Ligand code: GLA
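Next comes just one chain, in structure tokens: the form predicted on its own.
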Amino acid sequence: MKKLFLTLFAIIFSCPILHAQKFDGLALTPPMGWNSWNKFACDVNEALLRETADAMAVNGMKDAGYQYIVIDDCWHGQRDSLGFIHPDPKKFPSGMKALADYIHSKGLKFGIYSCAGAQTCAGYPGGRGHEYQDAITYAQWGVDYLKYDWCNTDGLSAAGSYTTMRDALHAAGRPVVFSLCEWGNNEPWKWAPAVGHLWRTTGDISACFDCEATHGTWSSWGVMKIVEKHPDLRIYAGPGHWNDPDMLEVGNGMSFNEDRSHFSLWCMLAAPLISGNDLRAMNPETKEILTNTEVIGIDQDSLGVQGYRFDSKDSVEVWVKPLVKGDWAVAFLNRSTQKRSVDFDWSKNIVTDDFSKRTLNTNETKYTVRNLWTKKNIGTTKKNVSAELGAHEIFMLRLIKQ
């Protein structure tokens, strides 16, 4: 502890000569991983994290690009007499350093949770006033990712509080992906690109397709309610700074069509792919969705441009996303609970994206059309694309420039 105290002392008093910033070169594509909250809430412990890391390492998720194992709220014990935080000794008897080492041994990365307020959302010790202590502690433990919440923050400036934590992480010296869980209340997209690597755009997600789940003084939101919250934020996203519509609910109770549409939309939105299900007990359908590398490839496309809704008619939405090498992703989403038909004439639908300076004009350029869920080529853009979509089903394509 004396060593930690002396290190903290040195960091604080050297800060005036440091050029604090977020760590560059991280999250150049949207982060991929797993977080404990959606499935387990406060029912977390060392065994769960180790078993989840074991599962991710062998079930195809690591091979598909998932990296981070993130423990959310409720891991905290108490602060000691010097103010340093410790994990709950009953839940994490081996300590966080040992847990991080175990996760790293699987070729994965370790993430942790805290909050800008004096208490976390679940009432555990928050980071307010302890930012530099916590940052050096996380560095000592081997933390690679920090989710920082916004509960119990009355009177605080969001930009100021998150900037303080950014500076503390930078001063501690260990590169950390910084996830701002500020819920979009203070328009983080306008100031967060210089502070963190991703920022929440809305309140919490709920495992339903198009609903609002009320919790007394606040609500959580279904997939489509989240999508509708802030439709015009794509200009703020890009490599190293991403809009975050919250974690995935795939495998947590929606229908197969809804899970697949949810996952597809997050990929079209260039959203972080942070799964929130029990990785130790996935059924084949959930695994198929979460590990489809061709769909993931749309999310992880290095151009780093967020997709958008191009058209909507009779409950069928058309989403488009420009990709590297002149390719495009196109998705047809049926928002209705009834079946819908798609008959889309590429030649009559020219897409001009002023933000990316890209144009999809099949009258000038020919594309091979690939169905990303069946992983089969289905022709070219010289003919219409047709499909029958069930309730809340999505039809997702990659147009490959010839």
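The numbering used is simple: start at 1 and walk along the sequence shown. Here the structure is a predicted model, which means the values were calculated and not measured.
There is also a form predicted in complex with this ligand; it is not shown, and the following applies to it.
Exactly one of 249, 72, 301, 134 has a non-hydrogen atom within 4.5 Å of this ligand in the predicted complex; which residue is it?
Contact residue from the list: 72.
Ok, 320, 85, 282, 122: which has a heavy atom sitting within 4.5 Å of this ligand in the predicted complex?
In short, 122.
Which single stretch, out of 266 to 274, 114 to 122, 302 to 310, 165 to 173, brings residue heavy atoms within 4.5 Å of this ligand in the predicted complex?
Selected stretch: 114 to 122.
Is residue 66 close to this ligand in the predicted complex, meaning a heavy atom pair under 4.5 Å apart or at it?
No - in the predicted complex, heavy atoms of residue 66 and this ligand never come within 4.5 Å of each other.
Just to confirm, residue 144 within 4.5 Å of this ligand in the predicted complex by heavy atoms?
Judged by the heavy-atom cut-off of 4.5 Å, residue 144 is well away from this ligand in the predicted complex.
Does any part of residue 330 reach within 4.5 Å of this ligand in the predicted complex? Heavy atoms only, please.
No, residue 330 is distant from the partner.
Counting only non-hydrogen atoms and a 4.5 angstroms cut-off, does residue 200 reach this ligand in the predicted complex?
Flag for residue 200 set to yes.
Going by heavy atoms, what in 172 to 197 lies within 4.5 angstroms of this ligand in the predicted complex?
181, 183, in sequence order.
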